[in-house]
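What follows is one chain in C-alpha coordinates, specifically the form predicted alone.
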(Lines give C-alpha, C1' and ligand atoms only; values in the text may rest on other atoms or scores of the structure.)
Protein backbone atom coordinates (compact mmCIF):
# COMPACT_ATOMS: atom_id res chain seq x y z
CA UNK A 1 0.00 0.00 0.00
CA UNK A 2 1.30 3.36 -0.97
CA UNK A 3 0.78 6.41 1.24
CA UNK A 4 1.13 10.08 0.38
CA UNK A 5 2.55 12.45 2.97
CA UNK A 6 0.85 15.87 3.25
CA UNK A 7 3.24 18.80 3.81
CA UNK A 8 2.97 20.55 7.15
CA UNK A 9 2.40 24.03 5.64
CA UNK A 10 -0.60 22.74 3.68
CA UNK A 11 -2.09 21.34 6.87
CA UNK A 12 -1.65 24.72 8.52
CA UNK A 13 -3.51 26.43 5.70
CA UNK A 14 -6.41 24.11 5.98
CA UNK A 15 -6.90 24.78 9.74
CA UNK A 16 -7.07 28.67 9.52
CA UNK A 17 -10.30 30.02 8.01
CA UNK A 18 -9.98 32.66 5.35
CA UNK A 19 -11.60 36.10 5.96
CA UNK A 20 -12.00 39.14 3.76
CA UNK A 21 -10.72 42.52 4.86
CA UNK A 22 -14.25 43.76 5.43
CA UNK A 23 -15.15 40.69 7.50
CA UNK A 24 -12.11 41.21 9.67
CA UNK A 25 -12.75 44.96 10.05
CA UNK A 26 -16.39 44.52 11.07
CA UNK A 27 -15.46 41.65 13.40
CA UNK A 28 -13.00 43.91 15.19
CA UNK A 29 -15.65 46.65 15.29
CA UNK A 30 -18.16 44.32 17.00
CA UNK A 31 -15.52 43.11 19.45
CA UNK A 32 -14.54 46.67 20.48
CA UNK A 33 -18.11 47.88 20.78
CA UNK A 34 -19.10 44.87 22.90
CA UNK A 35 -16.02 45.12 25.10
CA UNK A 36 -15.97 48.95 25.50
CA UNK A 37 -19.65 49.73 25.18
CA UNK A 38 -19.54 52.45 27.91
CA UNK A 39 -16.35 54.08 29.14
CA UNK A 40 -15.16 57.38 30.62
CA UNK A 41 -11.91 58.85 29.33
CA UNK A 42 -10.09 61.96 30.57
CA UNK A 43 -7.83 63.95 28.30
CA UNK A 44 -7.16 67.23 26.53
CA UNK A 45 -9.08 68.22 23.42
CA UNK A 46 -6.94 68.86 20.38
CA UNK A 47 -7.65 69.75 16.74
CA UNK A 48 -11.30 70.55 17.48
CA UNK A 49 -13.23 70.91 14.23
CA UNK A 50 -16.98 71.20 13.67
CA UNK A 51 -17.89 70.13 10.12
CA UNK A 52 -20.55 71.80 7.98
CA UNK A 53 -22.85 68.91 8.89
CA UNK A 54 -22.69 69.94 12.55
CA UNK A 55 -20.65 66.92 13.75
CA UNK A 56 -17.50 67.53 15.80
CA UNK A 57 -14.25 65.72 15.01
CA UNK A 58 -11.34 66.03 17.43
CA UNK A 59 -8.53 64.25 19.25
CA UNK A 60 -8.35 63.39 22.93
CA UNK A 61 -4.78 63.19 24.16
CA UNK A 62 -2.55 63.00 27.20
CA UNK A 63 1.22 63.13 27.48
CA UNK A 64 1.71 59.73 25.76
CA UNK A 65 -1.26 58.81 23.56
CA UNK A 66 -3.95 60.17 21.25
CA UNK A 67 -7.39 58.81 20.36
CA UNK A 68 -9.82 60.12 17.77
CA UNK A 69 -13.17 61.30 19.12
CA UNK A 70 -16.46 62.08 17.38
CA UNK A 71 -19.49 63.93 18.75
CA UNK A 72 -22.55 63.76 16.57
CA UNK A 73 -24.59 66.90 15.90
CA UNK A 74 -27.57 65.85 18.03
CA UNK A 75 -25.38 65.18 21.06
CA UNK A 76 -23.28 68.33 20.57
CA UNK A 77 -26.35 70.61 20.46
CA UNK A 78 -27.58 69.32 23.82
CA UNK A 79 -24.31 69.87 25.67
CA UNK A 80 -24.00 72.63 28.24
CA UNK A 81 -20.27 72.73 27.52
CA UNK A 82 -18.88 74.26 24.32
CA UNK A 83 -15.78 72.22 23.31
CA UNK A 84 -12.66 74.33 22.84
CA UNK A 85 -9.03 73.67 21.96
CA UNK A 86 -6.90 72.64 24.96
CA UNK A 87 -9.86 72.01 27.26
CA UNK A 88 -9.32 69.27 29.90
CA UNK A 89 -12.48 67.16 29.77
CA UNK A 90 -13.96 63.82 30.78
CA UNK A 91 -15.75 62.15 27.85
CA UNK A 92 -18.33 59.42 28.33
CA UNK A 93 -19.12 57.19 25.35
CA UNK A 94 -18.27 54.01 23.50
CA UNK A 95 -15.36 52.73 21.42
CA UNK A 96 -15.99 52.00 17.76
CA UNK A 97 -13.98 51.69 14.56
CA UNK A 98 -14.01 53.20 11.12
CA UNK A 99 -13.41 50.18 8.84
CA UNK A 100 -12.57 52.31 5.80
CA UNK A 101 -9.41 53.52 7.55
CA UNK A 102 -8.84 50.73 10.08
CA UNK A 103 -8.71 53.09 13.07
CA UNK A 104 -10.62 53.10 16.31
CA UNK A 105 -12.38 56.13 17.80
CA UNK A 106 -14.42 57.27 20.78
CA UNK A 107 -18.04 58.18 20.09
CA UNK A 108 -18.88 60.88 22.71
CA UNK A 109 -22.26 60.78 24.42
CA UNK A 110 -21.46 63.18 27.26
CA UNK A 111 -18.68 65.66 27.99
CA UNK A 112 -17.80 67.53 31.18
CA UNK A 113 -14.86 69.55 32.42
CA UNK A 114 -12.28 67.58 34.37
CA UNK A 115 -12.37 69.09 37.85
CA UNK A 116 -12.85 72.57 39.30
CA UNK A 117 -9.40 73.68 38.17
CA UNK A 118 -10.37 73.28 34.53
CA UNK A 119 -13.57 75.24 35.13
CA UNK A 120 -11.67 78.07 36.78
CA UNK A 121 -9.18 78.14 33.92
CA UNK A 122 -12.01 78.30 31.40
CA UNK A 123 -13.76 81.09 33.32
CA UNK A 124 -10.54 83.09 33.63
CA UNK A 125 -9.90 82.91 29.89
CA UNK A 126 -13.49 83.88 29.13
CA UNK A 127 -13.30 86.75 31.62
CA UNK A 128 -10.17 88.14 29.96
CA UNK A 129 -11.80 87.89 26.53
CA UNK A 130 -14.97 89.75 27.57
CA UNK A 131 -13.01 92.35 29.54
CA UNK A 132 -10.89 93.05 26.47
CA UNK A 133 -14.09 93.86 24.58
CA UNK A 134 -15.00 96.47 27.23
CA UNK A 135 -18.08 94.69 28.59
CA UNK A 136 -16.90 95.18 32.19
CA UNK A 137 -16.10 98.88 31.78
CA UNK A 138 -17.57 100.85 34.74
CA UNK A 139 -18.51 103.68 32.36
CA UNK A 140 -21.12 101.38 30.77
CA UNK A 141 -22.99 100.79 34.04
CA UNK A 142 -26.35 102.53 34.51
CA UNK A 143 -27.79 104.09 37.68
CA UNK A 144 -30.67 102.29 39.39
CA UNK A 145 -34.00 104.13 39.75
CA UNK A 146 -34.78 105.37 43.24
CA UNK A 147 -38.26 103.87 43.41
CA UNK A 148 -39.12 101.59 40.46
CA UNK A 149 -42.76 101.07 39.59
CA UNK A 150 -42.23 97.63 38.02
CA UNK A 151 -39.49 95.08 38.75
CA UNK A 152 -38.63 92.23 36.38
CA UNK A 153 -37.25 89.01 37.90
CA UNK A 154 -35.44 86.24 35.99
CA UNK A 155 -35.24 83.09 38.11
CA UNK A 156 -36.79 79.69 38.73
CA UNK A 157 -40.51 79.87 39.57
CA UNK A 158 -40.35 76.95 42.02
CA UNK A 159 -37.30 77.80 44.12
CA UNK A 160 -37.00 79.76 47.33
CA UNK A 161 -35.41 82.70 45.50
CA UNK A 162 -38.61 84.23 44.15
CA UNK A 163 -40.32 83.80 47.54
CA UNK A 164 -37.43 85.54 49.32
CA UNK A 165 -37.50 88.42 46.83
CA UNK A 166 -41.28 88.87 47.09
CA UNK A 167 -41.19 88.66 50.90
CA UNK A 168 -38.47 91.30 51.16
CA UNK A 169 -40.24 93.59 48.68
CA UNK A 170 -43.45 93.33 50.72
CA UNK A 171 -41.53 94.22 53.88
CA UNK A 172 -39.72 97.19 52.38
CA UNK A 173 -41.92 98.67 49.64
CA UNK A 174 -44.40 96.53 47.66
CA UNK A 175 -43.96 96.90 43.92
CA UNK A 176 -45.42 95.31 40.81
CA UNK A 177 -43.27 92.28 39.88
CA UNK A 178 -43.01 90.53 36.50
CA UNK A 179 -41.53 87.00 36.71
CA UNK A 180 -39.92 85.32 33.71
CA UNK A 181 -39.54 81.64 34.74
CA UNK A 182 -36.30 79.94 33.58
CA UNK A 183 -34.04 77.03 34.42
CA UNK A 184 -31.12 78.18 36.55
CA UNK A 185 -28.86 75.18 35.99
CA UNK A 186 -28.47 72.24 33.69
CA UNK A 187 -29.03 71.79 30.00
CA UNK A 188 -30.55 74.81 28.21
CA UNK A 189 -30.45 77.06 31.30
CA UNK A 190 -28.06 79.62 29.76
CA UNK A 191 -30.18 80.02 26.63
CA UNK A 192 -33.34 80.53 28.68
CA UNK A 193 -31.70 83.16 30.91
CA UNK A 194 -30.28 85.10 27.95
CA UNK A 195 -33.63 84.92 26.16
CA UNK A 196 -35.50 86.17 29.27
CA UNK A 197 -33.23 89.22 29.58
CA UNK A 198 -33.71 90.09 25.91
CA UNK A 199 -37.49 89.60 26.10
CA UNK A 200 -37.73 91.98 29.07
CA UNK A 201 -35.66 94.54 27.14
CA UNK A 202 -38.03 94.29 24.15
CA UNK A 203 -41.15 95.25 26.15
CA UNK A 204 -42.46 98.62 24.93
CA UNK A 205 -44.69 99.24 27.94
CA UNK A 206 -48.51 99.10 27.96
CA UNK A 207 -51.22 99.09 30.59
CA UNK A 208 -51.43 95.30 30.42
CA UNK A 209 -47.66 94.72 30.27
CA UNK A 210 -45.62 97.59 31.75
CA UNK A 211 -41.91 97.86 30.99
CA UNK A 212 -39.73 97.02 34.03
CA UNK A 213 -37.71 99.85 35.55
CA UNK A 214 -35.11 97.41 36.90
CA UNK A 215 -34.24 93.71 36.35
CA UNK A 216 -33.11 91.16 38.93
CA UNK A 217 -31.34 88.02 37.68
CA UNK A 218 -31.23 85.70 40.69
CA UNK A 219 -30.32 82.19 41.79
CA UNK A 220 -29.59 80.48 45.10
CA UNK A 221 -26.21 79.14 46.11
CA UNK A 222 -24.54 76.09 44.61
CA UNK A 223 -21.31 74.60 43.36
CA UNK A 224 -19.24 76.09 40.57
CA UNK A 225 -20.80 73.64 38.12
CA UNK A 226 -24.30 74.59 39.28
CA UNK A 227 -23.63 78.27 38.62
CA UNK A 228 -22.08 77.74 35.16
CA UNK A 229 -25.21 78.94 33.35
CA UNK A 230 -24.48 82.49 34.62
CA UNK A 231 -20.91 82.26 33.30
CA UNK A 232 -21.93 81.48 29.73
CA UNK A 233 -20.98 84.04 27.12
CA UNK A 234 -24.50 84.47 25.70
CA UNK A 235 -25.85 85.35 29.18
CA UNK A 236 -23.08 87.89 29.79
CA UNK A 237 -23.63 89.54 26.41
CA UNK A 238 -27.40 89.67 26.88
CA UNK A 239 -26.91 91.44 30.25
CA UNK A 240 -24.43 93.89 28.68
CA UNK A 241 -26.81 94.76 25.84
CA UNK A 242 -29.83 95.25 28.14
CA UNK A 243 -30.97 98.87 28.32
CA UNK A 244 -32.82 98.27 31.62
CA UNK A 245 -30.68 98.62 34.79
CA UNK A 246 -29.80 95.10 35.91
CA UNK A 247 -28.98 93.65 39.34
CA UNK A 248 -27.22 90.28 39.52
CA UNK A 249 -27.96 88.14 42.60
CA UNK A 250 -26.43 84.74 41.85
CA UNK A 251 -25.39 82.43 44.70
CA UNK A 252 -24.18 83.55 48.08
CA UNK A 253 -21.94 86.46 48.95
CA UNK A 254 -18.73 84.47 48.26
CA UNK A 255 -19.94 83.18 44.87
CA UNK A 256 -18.81 85.13 41.83
CA UNK A 257 -20.04 84.68 38.26
CA UNK A 258 -19.27 86.58 35.04
CA UNK A 259 -22.70 88.22 35.01
CA UNK A 260 -21.71 90.01 38.23
CA UNK A 261 -19.00 91.93 36.33
CA UNK A 262 -21.31 93.15 33.58
CA UNK A 263 -24.38 93.89 35.75
CA UNK A 264 -25.07 97.49 36.76
CA UNK A 265 -24.98 96.40 40.40
CA UNK A 266 -24.23 93.12 42.21
CA UNK A 267 -26.18 91.91 45.21
CA UNK A 268 -24.68 89.37 47.64
CA UNK A 269 -27.94 87.37 47.75
CA UNK A 270 -31.38 87.46 46.07
CA UNK A 271 -32.76 89.00 49.26
CA UNK A 272 -30.07 91.66 49.05
CA UNK A 273 -31.15 92.39 45.45
CA UNK A 274 -34.65 93.23 46.69
CA UNK A 275 -33.14 95.54 49.31
CA UNK A 276 -31.09 97.30 46.62
CA UNK A 277 -34.03 97.59 44.20
CA UNK A 278 -36.40 99.49 46.51
CA UNK A 279 -35.94 101.71 49.57
CA UNK A 280 -37.53 100.85 52.90
CA UNK A 281 -40.96 102.42 53.17
CA UNK A 282 -40.70 102.96 56.93
CA UNK A 283 -37.43 104.80 56.44
CA UNK A 284 -39.02 106.99 53.77
CA UNK A 285 -41.97 107.76 56.03
CA UNK A 286 -39.63 108.64 58.90
CA UNK A 287 -37.49 110.76 56.61
CA UNK A 288 -40.57 112.48 55.21
CA UNK A 289 -41.87 113.17 58.72
CA UNK A 290 -38.52 114.55 59.80
CA UNK A 291 -38.29 116.70 56.67
CA UNK A 292 -41.84 117.98 57.19
CA UNK A 293 -41.05 118.90 60.79
CA UNK A 294 -37.88 120.69 59.74
CA UNK A 295 -39.80 122.51 57.01
CA UNK A 296 -42.52 123.57 59.48
CA UNK A 297 -39.92 124.80 61.96
CA UNK A 298 -38.05 126.71 59.24
CA UNK A 299 -41.25 128.30 57.96
CA UNK A 300 -42.31 129.31 61.50
CA UNK A 301 -38.94 130.86 62.14
CA UNK A 302 -39.07 132.65 58.79
CA UNK A 303 -42.53 134.05 59.55
CA UNK A 304 -41.42 135.29 62.96
CA UNK A 305 -38.41 137.03 61.46
CA UNK A 306 -40.56 138.67 58.77
CA UNK A 307 -43.13 139.71 61.40
CA UNK A 308 -40.50 141.40 63.53
CA UNK A 309 -39.03 143.16 60.50
CA UNK A 310 -42.49 144.37 59.44
CA UNK A 311 -43.17 145.82 62.87
CA UNK A 312 -39.84 147.66 62.82
CA UNK A 313 -40.60 149.10 59.40
CA UNK A 314 -44.11 150.17 60.48
CA UNK A 315 -42.67 152.10 63.43
CA UNK A 316 -40.24 153.92 61.14
CA UNK A 317 -42.96 154.85 58.65
CA UNK A 318 -44.86 157.16 61.04
CA UNK A 319 -48.59 158.10 61.10
CA UNK A 320 -50.12 157.52 57.64
CA UNK A 321 -52.71 160.31 58.22
CA UNK A 322 -50.02 162.90 58.74
CA UNK A 323 -48.13 161.65 55.72
CA UNK A 324 -51.29 161.97 53.66
CA UNK A 325 -51.94 165.54 54.86
CA UNK A 326 -48.42 166.58 53.88
CA UNK A 327 -48.79 165.01 50.46
CA UNK A 328 -52.21 166.67 49.98
CA UNK A 329 -50.84 170.13 50.78
CA UNK A 330 -47.91 169.57 48.45
CA UNK A 331 -50.28 168.52 45.70
CA UNK A 332 -52.37 171.68 46.09
CA UNK A 333 -49.26 173.87 45.81
CA UNK A 334 -48.09 172.11 42.70
CA UNK A 335 -51.58 172.43 41.15
CA UNK A 336 -51.64 176.21 41.69
CA UNK A 337 -48.18 176.60 40.23
CA UNK A 338 -49.09 174.49 37.27
CA UNK A 339 -52.22 176.56 36.56
CA UNK A 340 -50.21 179.83 36.47
CA UNK A 341 -47.50 178.24 34.35
CA UNK A 342 -50.08 177.09 31.82
CA UNK A 343 -51.52 180.64 31.49
CA UNK A 344 -48.07 182.16 30.94
CA UNK A 345 -47.17 179.61 28.31
CA UNK A 346 -50.46 180.20 26.50
CA UNK A 347 -49.86 183.97 26.41
CA UNK A 348 -46.34 183.51 25.05
CA UNK A 349 -47.66 181.17 22.33
CA UNK A 350 -50.24 183.77 21.26
CA UNK A 351 -47.53 186.48 20.96
CA UNK A 352 -45.37 184.22 18.78
CA UNK A 353 -48.37 183.39 16.60
CA UNK A 354 -49.11 187.10 16.00
CA UNK A 355 -45.45 187.81 15.21
CA UNK A 356 -45.13 184.89 12.78
CA UNK A 357 -48.45 185.72 11.05
CA UNK A 358 -47.13 189.23 10.29
CA UNK A 359 -44.13 187.71 8.52
CA UNK A 360 -46.15 185.41 6.22
CA UNK A 361 -46.38 186.66 2.55
CA UNK A 362 -49.39 186.38 0.28
CA UNK A 363 -49.36 183.20 -1.89
CA UNK A 364 -49.83 185.24 -5.11
CA UNK A 365 -46.63 187.12 -4.34
CA UNK A 366 -44.75 183.87 -3.95
CA UNK A 367 -46.18 182.55 -7.24
CA UNK A 368 -45.22 185.74 -9.13
CA UNK A 369 -41.69 185.64 -7.73
CA UNK A 370 -41.24 181.99 -8.74
CA UNK A 371 -42.56 182.77 -12.24
CA UNK A 372 -40.05 185.61 -12.68
CA UNK A 373 -37.16 183.30 -11.72
CA UNK A 374 -38.40 180.66 -14.16
CA UNK A 375 -38.67 183.12 -17.06
CA UNK A 376 -35.15 184.38 -16.38
CA UNK A 377 -33.74 180.84 -16.53
CA UNK A 378 -35.70 180.07 -19.72
CA UNK A 379 -34.28 183.16 -21.40
CA UNK A 380 -30.73 182.02 -20.56
CA UNK A 381 -31.31 178.47 -21.76
CA UNK A 382 -30.33 179.03 -25.50
CA UNK A 383 -27.01 180.57 -24.51
CA UNK A 384 -26.25 177.75 -22.11
CA UNK A 385 -27.29 175.11 -24.70
CA UNK A 386 -25.10 176.67 -27.41
CA UNK A 387 -22.12 176.72 -25.05
CA UNK A 388 -22.68 173.05 -24.06
CA UNK A 389 -23.02 171.97 -27.73
CA UNK A 390 -19.88 173.92 -28.68
CA UNK A 391 -17.88 172.23 -25.93
CA UNK A 392 -19.00 168.78 -27.04
CA UNK A 393 -18.29 169.64 -30.72
CA UNK A 394 -14.75 170.70 -29.91
CA UNK A 395 -14.17 167.56 -27.85
CA UNK A 396 -15.52 165.34 -30.65
CA UNK A 397 -13.27 167.03 -33.25
CA UNK A 398 -10.25 166.39 -31.05
CA UNK A 399 -11.16 162.73 -30.66
CA UNK A 400 -11.71 162.41 -34.44
CA UNK A 401 -8.26 163.90 -35.06
CA UNK A 402 -6.66 161.40 -32.69
CA UNK A 403 -8.52 158.54 -34.36
CA UNK A 404 -7.28 159.64 -37.80
CA UNK A 405 -3.70 160.00 -36.50
CA UNK A 406 -3.62 156.53 -34.95
CA UNK A 407 -5.41 154.70 -37.83
CA UNK A 408 -3.46 151.64 -39.05
CA UNK A 409 -4.05 152.65 -42.71
CA UNK A 410 -1.59 155.49 -42.22
CA UNK A 411 0.98 152.91 -41.06
CA UNK A 412 0.33 150.88 -44.25
CA UNK A 413 1.11 153.94 -46.32
CA UNK A 414 4.62 153.91 -44.86
CA UNK A 415 5.36 150.51 -46.49
CA UNK A 416 3.97 148.06 -43.96
CA UNK A 417 1.45 145.25 -44.56
CA UNK A 418 -1.05 143.24 -42.47
CA UNK A 419 -0.91 139.39 -42.72
CA UNK A 420 -4.36 137.75 -42.52
CA UNK A 421 -5.53 134.10 -42.56
CA UNK A 422 -8.24 132.61 -44.77
CA UNK A 423 -10.98 134.08 -42.52
CA UNK A 424 -9.44 137.53 -42.61
CA UNK A 425 -8.14 137.37 -39.06
CA UNK A 426 -4.77 139.18 -38.54
CA UNK A 427 -1.76 136.97 -37.75
CA UNK A 428 0.63 138.57 -35.30
CA UNK A 429 3.60 136.14 -35.30
CA UNK A 430 5.54 133.73 -37.51
CA UNK A 431 4.39 130.82 -35.33
CA UNK A 432 0.77 131.75 -36.01
CA UNK A 433 1.45 132.12 -39.76
CA UNK A 434 3.13 128.67 -39.93
CA UNK A 435 -0.21 127.03 -39.13
CA UNK A 436 -1.81 128.38 -42.36
CA UNK A 437 -1.07 127.64 -46.03
CA UNK A 438 -3.23 130.31 -47.61
CA UNK A 439 -2.91 133.90 -46.38
CA UNK A 440 -3.39 137.46 -47.68
CA UNK A 441 -1.31 140.60 -47.35
CA UNK A 442 -3.11 143.89 -46.93
CA UNK A 443 -1.32 146.99 -48.26
CA UNK A 444 -2.59 150.51 -48.21
CA UNK A 445 -3.89 150.11 -51.79
CA UNK A 446 -5.29 146.54 -51.73
CA UNK A 447 -4.96 142.80 -50.87
CA UNK A 448 -2.52 140.17 -52.22
CA UNK A 449 -3.05 136.39 -51.75
CA UNK A 450 0.04 134.37 -50.77
CA UNK A 451 0.79 130.68 -49.91
CA UNK A 452 3.22 129.54 -47.18
CA UNK A 453 6.06 127.33 -48.47
CA UNK A 454 7.78 126.36 -45.17
CA UNK A 455 11.51 126.35 -44.32
CA UNK A 456 12.44 123.24 -46.33
CA UNK A 457 10.47 124.11 -49.50
CA UNK A 458 12.40 125.12 -52.64
CA UNK A 459 12.41 128.84 -53.37
CA UNK A 460 9.59 130.04 -55.59
CA UNK A 461 10.04 132.55 -58.33
CA UNK A 462 8.99 136.01 -57.40
CA UNK A 463 5.81 137.15 -59.09
CA UNK A 464 6.35 139.87 -61.64
CA UNK A 465 3.30 141.72 -60.58
CA UNK A 466 0.85 141.17 -57.77
CA UNK A 467 -2.77 141.24 -58.76
CA UNK A 468 -4.92 142.41 -55.89
CA UNK A 469 -8.29 140.74 -55.87
CA UNK A 470 -9.99 143.66 -54.27
CA UNK A 471 -8.94 147.24 -54.01
CA UNK A 472 -10.25 148.25 -50.69
CA UNK A 473 -7.81 151.06 -49.89
CA UNK A 474 -9.41 153.77 -52.03
CA UNK A 475 -12.79 152.90 -50.61
CA UNK A 476 -11.43 153.11 -47.08
CA UNK A 477 -9.77 156.41 -47.83
CA UNK A 478 -12.96 157.73 -49.29
CA UNK A 479 -14.91 156.52 -46.28
CA UNK A 480 -12.38 158.14 -43.95
CA UNK A 481 -12.65 161.43 -45.77
CA UNK A 482 -16.39 161.18 -45.89
CA UNK A 483 -16.54 160.47 -42.21
CA UNK A 484 -14.33 163.41 -41.47
CA UNK A 485 -16.48 165.65 -43.63
CA UNK A 486 -19.60 164.33 -42.02
CA UNK A 487 -18.17 164.99 -38.61
CA UNK A 488 -17.67 168.59 -39.56
CA UNK A 489 -21.25 168.93 -40.76
CA UNK A 490 -22.81 167.52 -37.62
CA UNK A 491 -22.31 170.74 -35.78
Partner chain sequence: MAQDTKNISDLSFEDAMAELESIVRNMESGDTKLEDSISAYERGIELKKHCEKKLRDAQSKIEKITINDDGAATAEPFDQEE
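Positions refer to the first chain, counted from 1. These numbers come from a predicted model, not from an experiment.
Although not depicted, the form predicted in complex with its partner chain is the subject of the following passage.
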In the model of the complex, does every one of 140, 168 and 245 come within 4.5 Å of its partner chain, counting any heavy atom? no
Counting only non-hydrogen atoms and a 4.5 angstroms cut-off, does residue 291 reach its partner chain in the model of the complex? yes
Distance check, residue 176 to its partner chain in the model of the complex, heavy atom within 4.5 Å: yes
Applying a 4.5 Å heavy atom distance criterion, does residue 319 contact its partner chain in the model of the complex? no
Check residue 410 for me: does it contact its partner chain in the model of the complex (non-hydrogen atoms, 4.5 angstroms)? no
I need the one stretch from 384-392, 89-97, 201-209, 128-136 whose residues put non-hydrogen atoms within 4.5 angstroms of its partner chain in the model of the complex. 201-209
Partner-free chain; cross-checking its partner chain in the model of the complex, the single residue of 252, 281, 373, 344 with a heavy atom within 4.5 Å is 281
Ok, 330, 73, 337, 301: which has a heavy atom sitting within 4.5 Å of its partner chain in the model of the complex? 301
Any residue of 134-158 with a heavy atom within 4.5 Å of its partner chain in the model of the complex counts; write them all down in order. 146, 147, 149, 157, 158
